[in-house]
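Only one chain is included here, represented as structure tokens and corresponding to the form predicted alone.
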């Protein structure tokens, strides 16, 4: 019989989808029976008490977890998130129930051996509950006690050559897409850049010294599979400078129905005969595509690399050969005041080891400015909003570019006085540059 009655949690198991409540109950039952006779290093009823405290939180409409101050491992200021229950007498198994963030492998590629080692360690020294993955990207170990933190850290680093991730006002664990390992659209080696910057900035990752959190995310192409444009302070999105490559014979094969669009991914729905005008050309956001007889034409100067046409006809269209990244800054996705997308600050930069230009001309000047001017708990995007995009342009020493703003005269990052702009609120980018130079 369960230690705690959980009628509200039970409702979460009644829907058509798998429920985390069922997973927790299975883990609680396994630990209660403990047929293997394992000597758990945290209370055996920890998961059962976790269910109890969650039920109580639902009943009261508020959390029963509290932040217990700073807790961690020696020498690191991040990686461990302290969690304490405010009802330790009622739920002694989760009186302290700390979370560890584990630095995920590049592209989230694992071996089964690696996963089993992590799970065995966590079964023994923690609750056995994991999260694959947290929104930051890390592997999440949910729930252990303070005495086990150093033990877990020692085994991670010495046995498995594995590090903790980031937490607190520091560089958070950089995250990347699978990149060139498996994706034909990747414009640069996301895993190589992510790995290099993770190692280069270990001090920033483990010893919080920033005004607030800072996130790198690496997307190999504008499909943005890790959503870097929406939730990273510095977003690296693969792009190309030359023309989209076109195989006109393959275009005709799509039109004739010989090749299925969207690589055949239609979720079982019969969409009927493929219509290139309706499904590709009319959906181009800049209207830069047209059929000239049986030839597909693209005005590449107008292309914004949205990837739609390439996604629909991957055997006919392909990314260009002159590849690099666009760098955007200032995104965040808070719950209360809504998402803030990244702002383009470097339209194109080549990506070649050892990435000196990216580090010395983009990352470090931005950090210097943010650490000097940022208020406590102020993200980079909020500082950009407060001081203006033109200030960041000055910090980086780059030329203003029309691609940095969608509408130069009304963008909220730029504050204009009409009498200072010759010609009023026109959209002449030369006036934008003159204003900046003043």
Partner chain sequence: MAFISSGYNPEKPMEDRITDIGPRKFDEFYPPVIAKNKGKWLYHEYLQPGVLVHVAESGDEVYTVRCGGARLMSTSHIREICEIADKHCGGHVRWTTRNNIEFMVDNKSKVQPLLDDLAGRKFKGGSFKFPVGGTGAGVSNIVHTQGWIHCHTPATDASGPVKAVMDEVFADFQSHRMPAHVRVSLACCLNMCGAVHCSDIAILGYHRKPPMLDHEYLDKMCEIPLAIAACPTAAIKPAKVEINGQKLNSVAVNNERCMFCGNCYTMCPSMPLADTEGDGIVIMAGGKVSNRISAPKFSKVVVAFIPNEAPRWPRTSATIKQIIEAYANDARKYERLGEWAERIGWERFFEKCELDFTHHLIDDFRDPAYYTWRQTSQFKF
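Quantities reported herein were computed from a predicted structural model and do not represent experimental measurements. Positions refer to the first chain, counted from 1.
What comes next is about the form predicted in complex with its partner chain, which is not displayed.
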property: Contact check for 43, 142 and 155 against its partner chain in the predicted bound form, heavy atom at 4.5 Å; result: yes
property: Residue among 357, 297, 294, 182 with a heavy atom within 4.5 Å of its partner chain in the predicted bound form; result: 182
property: 120, 322, 302, 352 - the one with a heavy atom within 4.5 Å of its partner chain in the predicted bound form; result: 120
property: Proximity of residue 99 to its partner chain in the predicted bound form, heavy atoms at 4.5 Å; result: yes
property: Partner contact for residue 8 in the predicted bound form: its partner chain, 4.5 angstroms, heavy atom; result: yes
property: 4.5 angstroms heavy atom contact with its partner chain in the predicted bound form for residue 124; result: yes
property: Interface membership of residue 384, its partner chain in the predicted bound form, 4.5 Å heavy atom rule; result: no
property: Residues in 272-302 close to its partner chain in the predicted bound form, defined by a heavy atom within 4.5 Å, in order; result: 274, 279, 283, 285
